Structures are given as structure tokens and as C-alpha cells.
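The chain below stands alone, shown as C-alpha cells; this is the form predicted alone.
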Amino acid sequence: MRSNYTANGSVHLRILSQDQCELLYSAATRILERTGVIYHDNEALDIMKKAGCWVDGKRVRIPSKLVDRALLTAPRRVTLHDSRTGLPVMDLEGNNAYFGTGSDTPFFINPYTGQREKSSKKSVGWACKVIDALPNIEFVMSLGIVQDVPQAIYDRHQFEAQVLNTSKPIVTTAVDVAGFSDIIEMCECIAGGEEELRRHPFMTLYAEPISPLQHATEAATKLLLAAHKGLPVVYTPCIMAGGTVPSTLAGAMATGLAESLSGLVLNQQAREGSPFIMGGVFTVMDMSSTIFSYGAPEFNLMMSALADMAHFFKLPMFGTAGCTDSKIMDGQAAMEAAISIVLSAFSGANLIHDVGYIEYGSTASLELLVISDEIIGMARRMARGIEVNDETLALDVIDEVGPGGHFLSHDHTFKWFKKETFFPELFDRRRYDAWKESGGTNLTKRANTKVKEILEGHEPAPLPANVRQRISEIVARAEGSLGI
């Protein structure tokens, strides 16, 4: 037994102190009480007024006690399941870090032509198939917006392309509450009913407030439907410091937190205990180009700080990583993706999206996706830390081998080297001659080869034929409502 002995089981990163978390929470609640937020939905306004908020037209000022209560009633853990087996695969709580892609990019890089093309139902299906095959990508977002169908109902087509090509949990978007309702119906068909889906959710909605401090009708109604159904919802401000929020990082974070918490209050007032996932994409407006930067150091700093706030609130956290401002898969893309992945893994965000985004979220790259899958594996090895005990210290082994000996053939080495060492697939560690003889390829070329191998050889677990038919009928019904 050891006294005064502290063990670090893994590597953790903190940006904010406890006092700083308290100050940011206080600032966010003061924004809600003093400045308030706008809800553009009448049902939301009625709910907030009955809850005791001060309502002036569409502007709502929220007492801090309602925020305190919402944080107490929202579940600390949200579990997502495999859509084929119903088994739990992701526990969103604490420092559990899971990685997935982003959603509605208008463009993708065609892995066969290398050209930047408009995203389509086919490209979304390709992306989901690759995601399904990658071991370190645990959940799916569409990695493209389906543009070759009527745009009023593209979300049904998009969800169909996702759920047919992977069994992994899906974070999906919806055009409006009608689209979200159809997606829920598809999920209930897969799960075996409304209650089964509530008990074993494999889908969560992604919705956003509008910065600064507004909740659009579409976002509010989807947030309320998720609550009424008892289904998890991701509510994510996407703020630009210097553009939609103050340029100071503390002021930006306080505003973004106020947006998240005002969504949480509405969600919990509609149904206490409804699963809610906070988070955001907190970054800066690049003043030289006006882009929403996915590679800025301030982006990584605020996202890690946001994870600190999620742990402070004891809420599951929707993070962002594996993305870049680069327009192609190059050194900049790999570097920016790697920094964000490592910091996200260390900070303990739970549901980490946007892996595979290039061009500041405008374009999807399957090559960056598979490279990031390997970076995630490396980050997880680093986050696991160093195990220190009698067996890993290996004092008897060191004594047995002695000075001048070697450990290569020792049983201890055979037992431990695979457990202790990360072995890359795409990152090349071969000697120069071996690398040259095998073609001398660079990382992007190897990634492209892997993408095409998956597309041509991987088969996701299928849904039953009757379920596929029912999903197709729901999509066709939505098209019929447009007179198509």
C-alpha cells in the first residue's frame, strides 16, 4: 500500500480552471437574463412563458434558476446503439471520445477522378461505406448534402443513403420538423417501434441556433419534437469570433454557451430528462478572407475549453476535429487535422464530428477521412498513457537479460509489444529501399488506394428487405407530397 500516490490512468488536457468555468457559466446566465434570446416559434414562446421566463414579443429573458434546473434534469450519459444489432456502442459521458464525420458539405473530392464535384446521393453512400469500414470512426454524418434530388426533401434521401450503408450510429440533419418526423419514422421501422427506438436510439438529430442568440422556427420545432419523442438531440452553436460573437475568446464562448443553454432549457421544459448533447463549432472569422476557419489555433483552443465546460455541466459534448482550411489533401490538411484530433482526444469531448472536412467545411475528402482514422488511432495510443506496475517495469526481465543483452526474443517482449505499440497502416515506417521498391508512394496516394479498396470490396451489414422497402416508401411519400 502506498500513501500520497496518485495514478494518471490516461492523458487529459484542461484549458479552463474551475474558477474560469464558474465565470463563464455566470456570464452565460447573465446574458440570458439581461440580453435574452429570440425564439421564432410560437410553441417555444408559450413553453418558455409558462416556465417563468420574461417574454417580450419573440425575445425571451431566462431566469438563471431555469438553467440550473435544466442542468439537473438532463441526463449525464447518452448511449447510442448499432442499428442492426441494437447493442450499445457509444456511451457519451465523462472523457469517452468517439469520432465521426461532418454532414452537409456541398462538394466532395471524387476519389476516382480527383475532381471537386457537387455532393450527391451516390457520394454520401460512398462516404458512409468508407466510414463503416474504418475502425476508429464510430459514428456517421453524411459528409455531403444530397443535391441530385428535390431540395425540399433531400434530408429523407440523405438519411436513406446513410442508414443503408452503415450500421454505426447516425447523427443526421433535417430540413424541417416534417423531415425529422419522417426520419424518426424510418428509425422506428428499423428499431421495431417507437418504444424500442427510445430505449435503443441509433440516431440523433443535429440542429443549430443562429448566432447571435436566436432560435429559428426550424431548429426550435425539431428540438421540441426530439423532446416529445424522448430522443437524443445535438444542439450546436456555430460561432465566429469577431463576426457573430465578440472577438475575445471569453466573450465568444459566453455567447455560444448562452445559445446552448437556452436550447437546453427549452428542451427540458418540453420534457424533463430528455437526452441533450451540448457542443458547438467555436472558431474565428478569418479577417483576411472572412472564412469560418477550421484550422485556426483559436478553434482548437475554444473547442478544448468547451469540453471543459461540458465536464463542468456534466453534459455529453459534441466536439469538432479532423478538419482543415486546406483545399486539397496536403501537408496543411494533415497537420491541422492531427492537431485538432489530438487535442480533442485529450480534452475528452464525447461525440467528435467533422472528420474528413477540407476547404473550411465546404468539401469532403475521403482521403483525409482515412488518414484521420489512423491519426485517431495514434491519438488514442497517446491518450492511453503509460501503465506503470511491477510487470511493465520489468525489473526481473532487465536483470535476466543483463548489460549488453537484447530483449527481442524474450517472452516479455512477445507478450507486451503489441499491447504497448501502435502500428500504422498508412504512415510509412519502412526503410528507404523497401519503400522505393514498393512504388515510393506518398501518404495521399496510399490513402486514395485504401478508399478505393473499401468502395470496391467492403459490404456493410444489410437491413432486412421489408425494412428497406418501408424506408423507400417513406422517401417516395415525401416526394409525392411535392407532386413528384
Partner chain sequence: MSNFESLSKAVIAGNVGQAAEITKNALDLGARPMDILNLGLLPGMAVVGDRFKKGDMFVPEVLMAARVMQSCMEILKPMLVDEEVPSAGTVVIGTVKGDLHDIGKNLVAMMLESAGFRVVNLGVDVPPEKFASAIREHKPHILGMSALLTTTMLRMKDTIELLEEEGLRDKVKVIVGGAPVTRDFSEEIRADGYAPDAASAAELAKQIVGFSVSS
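Computed from a predicted structure; not experimentally measured. Numbering follows the first chain given and starts at 1.
We do not show the form predicted in complex with its partner chain, though everything after this point is about it.
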note = Answer key: of S409, S288, T113, N389, within 4.5 Å of its partner chain in the predicted complex (heavy atoms) is S409
ask   = If contact means any heavy atom within 4.5 Å, which of 59 to 67, 454 to 462, 43 to 51, 417 to 425 contacts its partner chain in the predicted complex?
value = 417 to 425
query = At the 4.5 Å heavy atom threshold, is G404 in contact with its partner chain in the predicted complex?
reply = yes
query = With the cut-off set at 4.5 Å between non-hydrogen atoms, does R34 touch its partner chain in the predicted complex?
reply = no
key: T413, heavy atom within 4.5 angstroms of its partner chain in the predicted complex   = yes
query = Going by its partner chain in the predicted complex, which residues of 446 to 460 come within 4.5 Å of it through any heavy atom?
reply = none
